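We begin with a single chain expressed as structure tokens, specifically the form predicted alone.
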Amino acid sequence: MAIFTIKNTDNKKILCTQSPKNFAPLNEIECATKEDVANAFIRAREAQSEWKHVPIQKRIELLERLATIISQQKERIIDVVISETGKPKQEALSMEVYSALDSIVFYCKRAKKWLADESIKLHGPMRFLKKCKVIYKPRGIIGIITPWNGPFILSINPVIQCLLSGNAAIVKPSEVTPLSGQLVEEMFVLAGAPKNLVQVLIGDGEVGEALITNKPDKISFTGSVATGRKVAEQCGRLLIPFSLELGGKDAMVVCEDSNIKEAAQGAVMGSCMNAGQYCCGTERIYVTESIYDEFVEEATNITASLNQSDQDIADVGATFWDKQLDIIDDHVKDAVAKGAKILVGGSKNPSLKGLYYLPTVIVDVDHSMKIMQEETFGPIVCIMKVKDEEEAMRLANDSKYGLNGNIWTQNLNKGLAMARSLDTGACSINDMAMSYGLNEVPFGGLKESGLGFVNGKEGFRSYCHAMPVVIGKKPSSIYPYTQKSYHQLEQAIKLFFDNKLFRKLFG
């Protein structure tokens, strides 16, 4: 049964959604039209033309009010997210509410410093002739296209950053979780944001396409590789800056000197948290043969103990989208057909009405199987025995994805050396992937896992144009050219570049 459908009525598209927990009807929402998108841009331009002049302290005050509103409205946010996703209540609280509040507090504290003009010390003779400042100017309108697996946090986090930077935001949430995205606009309205500074447009892929064709000043996209590639092609044709945070097939390497119990716990949480539906979930686990049996036993016991339920209190909730459930089932069946063994789970949950796939442990896997090559996005603990750490690292890097990874060893120096060799955007040692939740660091992938950064100073400043301003009382060039000016340039080259001491002083 489809979680969302699009009905065409009187030349209008109606998005109809159902709960993944029990298929109960949720909402019928009129989709935005191309004209609605164009009008949203007109409103956003007007709002941003004033907002960009608002002092940073006033922007911070708005975001601080937003934090208060989110805290006050947390039960409503949780209820909406759970209704559309079937997440356990604790995951809705931690991933959607706590993370949003943490993001607001973090960026509000650093926005003034990160947006302040920077004095740049010039090199060579220019240090005596010119000064330079880099100023951070808001880009304008940011188009934000967001997925269904973290529907509130992945919508509001980029909005927080782009508003602090002086931009306006237009958000297009996933069709699977439209109201969780709509909450972003609602929270900003309650916080007293200027009208039309944050707008949310509900609809299908046509709305996302129109969001790009109206030429925003940047696109921030989070979602699948296939859709991300289309977004990149569209932005490339229109010369629109963009960032892509795409899928992953994160590897976990378990060394023979690891703490096996802790590693097994990390493997299960990394594989099953959010029902396995997050971009840097653990999807491939390589365990050295000397500890393999003990690790598998430990991971199997933990997985078997997990509580999957359609109630608020659970360890593993629903799969949010029916198409994803089909992919999970297909990957597991393909692996079994090619020789893999199921130790726990391995099927849809027959005891629950909705979209539930049992927490699963699968072993005897190899790289001929879809489950080791393609993004599964499900609660699957997928374990492969390897001869040694060298083989584990070779296989970990044998992927078209490169978002995150984790290495387990009690020798932290060895872990750091191994992390340097991992072809991923980030890596954790002795924990599941942590980098998205650490606002201090940039988050971005290699290979097919994305382009550009979100979060950290790099991601925050990507919502700005870094504009160098060169300052001097007199021009530094001599024009028209003369024989004398040519001779002076020759002498300058000899002075500054032929002499090693001067190279060091003026380089």
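Computed from a prediction, not measured in an experiment: that's the story for all the values here. When you see a residue number, it is the position in the sequence shown, counting from 1.
Omitted from view is the form predicted together with a small molecule, to which the following refers.
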* Is residue 247 close enough to the small molecule in the predicted complex to count, meaning some heavy atom within 4.5 Å? -> yes
* Look up in the predicted complex whether residue 264 has a non-hydrogen atom within 4.5 angstroms of the small molecule, and give yes or no. => no
* To do: Evaluate residue 443 for contact with the small molecule in the predicted complex, applying a 4.5 angstroms cut-off between non-hydrogen atoms, and reply yes or no.
  => yes
* Any of the heavy atoms of residue 230 lying within 4.5 Å of the small molecule in the predicted complex? -> yes
* Heavy atom distance at most 4.5 Å to the small molecule in the predicted complex, all of 271, 284 and 389 -> no
* Structure fact -> Of 157, 146, 319, 424, the only residue with a heavy atom within 4.5 Å of the small molecule in the predicted complex is 146
* Structure fact -> Checked 315, 175, 310, 185 for heavy atoms within 4.5 Å of the small molecule in the predicted complex; positive is 175
* **Stretch from 198-206, 134-142, 250-258, 365-373 whose residues place a heavy atom within 4.5 Å of the small molecule in the predicted complex** => 198-206
